[in-house]
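The chain below stands alone and is given in structure tokens; this is the form predicted alone.
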């Protein structure tokens, strides 16, 4: 963990103590961003800077368009949709937002999110006019990536959409942001503006589909080492 235990440094030292001389870093962010994937690696490199006996290190790339990832999302989403007692009129793929200036500086995150959303929509065979891509969790006064999730949810409800589903493909595991902001706050926005049926579909979490993704990436990136 970057900000909690077990810390990145403690686990790298534990690997070294076990005789490990080759380490693969796999940031659990499907989409690369300087604020997420890069900072996870920075934390590892800070630990490595303190070590005289250096292991060889690789970093797994983003997997936003990896067929294994898209297939896992599609299988998980199909199973979740089958459990609902309604057919959604609209489906929103919502991603964590970031200030627009990051995109302007060259951060690939926005483009990678849009590609994931498009590939998932195509994989599921959903007609494009039922599918939207938005960004949540903005704060501060600077403009962030748009369209905003909460504003989109409100607009859809006011436009007469009664059945809505949200998914958050950018999260490997559910957290306060998905469970509170998406499933509670956005549910309230939708229902308070005329919506009737709302569902947030869970992230991959520790499902077989989620583990399939991590295993596939790790095995591919370890080629030549094992």
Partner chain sequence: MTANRAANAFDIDRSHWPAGHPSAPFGRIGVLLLNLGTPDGTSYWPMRRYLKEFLSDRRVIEEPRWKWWPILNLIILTVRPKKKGHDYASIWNTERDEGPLKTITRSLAEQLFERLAGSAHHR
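As the structure is a computational prediction, the values presented were derived from the model and not from experiment. Residue numbers count along the first chain shown, from 1.
Here the subject shifts to the form predicted in complex with the partner chain, a form of this protein not shown in this document.
So which of 160-168, 64-72, 38-46, 186-194 is the stretch with heavy atoms within 4.5 Å of the partner chain in the model of the complex?
Among the listed stretches, the partner-contacting one is 38-46.
When the contact criterion is heavy atoms within 4.5 Å, does residue 102 count as touching the partner chain in the model of the complex?
Yes - in the model of the complex, heavy atoms of residue 102 and the partner chain come within 4.5 Å of each other.
Decide whether residue 29 counts as a contact residue for the partner chain in the model of the complex under a heavy atom distance cut-off of 4.5 Å.
Looking in the model of the complex, residue contacts with the partner chain include residue 29, since a heavy atom lies within 4.5 Å.
Would you please decide whether residue 87 lies within 4.5 angstroms of the partner chain in the model of the complex, comparing each non-hydrogen atom pair?
Answer no; every heavy atom of residue 87 is more than 4.5 Å from the partner chain in the model of the complex.
Residue 4 versus the partner chain, in the model of the complex: is there a non-hydrogen atom within 4.5 Å?
Within the cut-off, so yes.
Which of the residues spanning 49-80 lie within 4.5 Å of the partner chain in the model of the complex, based on heavy atoms?
Counting only heavy atoms within 4.5 Å of the partner chain in the model of the complex, the single contacting residue of 49-80 is 53.
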